[in-house]
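Quick setup: one chain, the form predicted on its own, written in structure tokens, and binding and motion questions come after.
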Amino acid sequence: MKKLVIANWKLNPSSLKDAQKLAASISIKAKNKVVLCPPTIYLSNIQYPNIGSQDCFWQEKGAFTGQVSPLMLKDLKIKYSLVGHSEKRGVGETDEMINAKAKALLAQKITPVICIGFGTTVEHDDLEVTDILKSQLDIDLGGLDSSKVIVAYEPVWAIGTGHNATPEHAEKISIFVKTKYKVPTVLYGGSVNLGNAKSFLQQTNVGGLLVGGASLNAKDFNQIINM
């Protein structure tokens, strides 16, 4: 069964030429379904079957300097968009904003990938983590058809630290989100790399991966998407 692997390039690479070279190096016939999320400025110049954005705004147009609307993304044939990434939450994005973004994306038939896990710590047990995630998802998914969204669980302490959660923990969280919120696909993200990706993909309820730094290495990423 195919799983979904999303590459979040964040603020990389530093030139369009390098971004195009990286995209051209990623297999389009992988074992799993792949989505590339390059920086917004490159979206219209990256060729790949599935392209996603790293964020969006909740209004279609207006006096919102520097923002990108789902309507603009639709015009570029963007199919997915991350919302609520911990790096956005960390600078003040609220669950109410995330909910508004998700609704705006769905209105344009773009699939929101709602990131949760901000506020968790490595010391929390599974019950404490689910309490935090519930407080986020109750608002993030309010008024939405949860069957049309994807949730990506990224414990904030694992992002970019080299300390990933265990596959068993990721499986438990995936079951919780799928069961309580009827979300069909739950991804795991947070220091995913070539060495641990397979252990997450082998979990029955983990629907795939949200990959950060490892997605910038075409050789490693191609191996991950073919696991």
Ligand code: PGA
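For every residue, the number given is its place in the sequence shown, counted from 1. Every value quoted in this text rests on a predicted model; they were computed, and no experiment measured them.
There is also a form predicted in complex with 2-phosphoglycolic acid; it is not shown, and the following applies to it.
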{"query": "Residue (of Q54, S191, S69, T185) lying close to 2-phosphoglycolic acid in the model of the complex, criterion heavy atoms within 4.5 Å", "finding": "S191"}
{"query": "Position in contact with 2-phosphoglycolic acid when the complex is considered in the model of the complex, options V35, V177, A165, I159, heavy atoms within 4.5 Å", "finding": "I159"}
{"query": "Partner-proximal stretch of 165-173, 23-31, 191-199, 40-48 relative to 2-phosphoglycolic acid in the model of the complex, 4.5 angstroms, heavy atom", "finding": "191-199"}
{"query": "Partner proximity in the model of the complex: D95 to 2-phosphoglycolic acid, non-hydrogen atom cutoff 4.5 Å", "finding": "no"}
{"query": "4.5 Å heavy atom contact, D140 to 2-phosphoglycolic acid in the model of the complex", "finding": "no"}
{"query": "Partner contact for G212 in the model of the complex: 2-phosphoglycolic acid, 4.5 angstroms, heavy atom", "finding": "yes"}
{"query": "Proximity of K101 to 2-phosphoglycolic acid in the model of the complex, heavy atoms at 4.5 Å", "finding": "no"}
{"query": "Residues within 4.5 Å of 2-phosphoglycolic acid in the model of the complex, restricted to 6-24 and counted by heavy atom", "finding": "N8, K10"}
